[in-house]
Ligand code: BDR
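What follows is one chain in structure tokens, specifically the form predicted alone.
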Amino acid sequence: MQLVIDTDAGVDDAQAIIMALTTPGVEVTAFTTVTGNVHVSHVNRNVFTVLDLMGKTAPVYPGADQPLLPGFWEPEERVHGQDGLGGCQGPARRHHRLESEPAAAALVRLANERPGELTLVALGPLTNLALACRLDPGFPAKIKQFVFMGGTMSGFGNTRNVTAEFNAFCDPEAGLITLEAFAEATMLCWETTIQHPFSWEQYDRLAAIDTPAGRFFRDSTHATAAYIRQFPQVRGYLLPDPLAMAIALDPALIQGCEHAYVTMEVQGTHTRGQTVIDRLGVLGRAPNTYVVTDLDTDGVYRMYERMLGA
């Protein structure tokens, strides 16, 4: 698998990246970065932090520093901390060099160089992808598989627009452009995240793994876990981006999905950023998205044991 990871490199992104870097048979061809959980300047450093941790290298292309329409984005410091890694970012590494090519241009070029070969996993707002689709309308057709974490399937969101998920809410216009451009996508939404956590017992076992990756997991997730534990309706440690990465790496983990036309609301006073799923085909549009509703969390846990070095 040749993998391109578009990321806003928060705490859960870091776990998804480690998962990809430690999966046999996977080549991480490139990273593209985007403002989301934190500003892209933090995101760039966070990607290098994870690469250093795992002893890996890959080109990192800096992406959009704000949504297509400015004025709506706010960092999610309650979950990810000011640095995006729960305080684990550490000092800047001077020897790292960002690529000079912007992320959207890099996505177009990579797709043209390797048509039909790349799996694209988007873990943050879809700003870079929307820009790539505008630069080259043929870009989506050259991607082998497109998986993204974002959206809701029943209006159960996690933003001040209560029906919208964070990635979608950060840049709804980008979501609209991207969903309209791709004939086929796989969506890991917020409700599926809520329904498929690790139990707190599983989390505690993973946090006790005494390896460099295990200690990073413990230290980077400490504040996030404390925040999540405040909500009794949440049954355990949440895995939004790692679940999206897991199903991209191993589609056999998917145990249920719906195939439907999905688009994005960009105007509603209370629903801006809500994904709209046409389950009954009322709009007469061809299905463009596989919405994952059920997956094998135990299989994902085994991936964590392997990637953290248990």
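Only a predicted model underlies this, so the values are computations on that prediction, with no experimental measurement involved. Sequential numbering from 1, following the sequence displayed.
The same protein has a further form, the form predicted in complex with this ligand, not shown here; the description that follows concerns it.
Enquirer: Give me the residue from 187, 123, 85, 129 that has a heavy atom within 4.5 Å of this ligand in the predicted complex.
Expert: Only one option qualifies, and that one is 123.
Enquirer: May I ask you to choose, among 46, 275, 32, 37, the residue with a heavy atom within 4.5 Å of this ligand in the predicted complex?
Expert: Contact with this ligand in the predicted complex is made by 37 alone.
Enquirer: 235-243, 213-221, 171-179, 106-114: which one contacts this ligand in the predicted complex at 4.5 Å, heavy atom to heavy atom?
Expert: The contacting stretch is 235-243.
Enquirer: Do residue 203 and this ligand come within 4.5 Å of each other in the predicted complex, heavy atoms counted?
Expert: Residue-level check for residue 203: no, no contact with this ligand.
Enquirer: Mark residue 166 yes when one of its heavy atoms lies within 4.5 Å of a heavy atom of this ligand in the predicted complex, and no otherwise.
Expert: Residue-level check for residue 166: yes, a contact with this ligand.
Enquirer: Residue 158 versus this ligand, in the predicted complex: is there a non-hydrogen atom within 4.5 Å?
Expert: It does: once this ligand is placed as it appears in the predicted complex, residue 158 has a heavy atom within 4.5 Å of it.
Enquirer: Quick one: which residues from 134-149 get a non-hydrogen atom within 4.5 Å of this ligand in the predicted complex?
Expert: Read in sequence order, the lone residue that approaches this ligand (within 4.5 Å, in the predicted complex) is 149.
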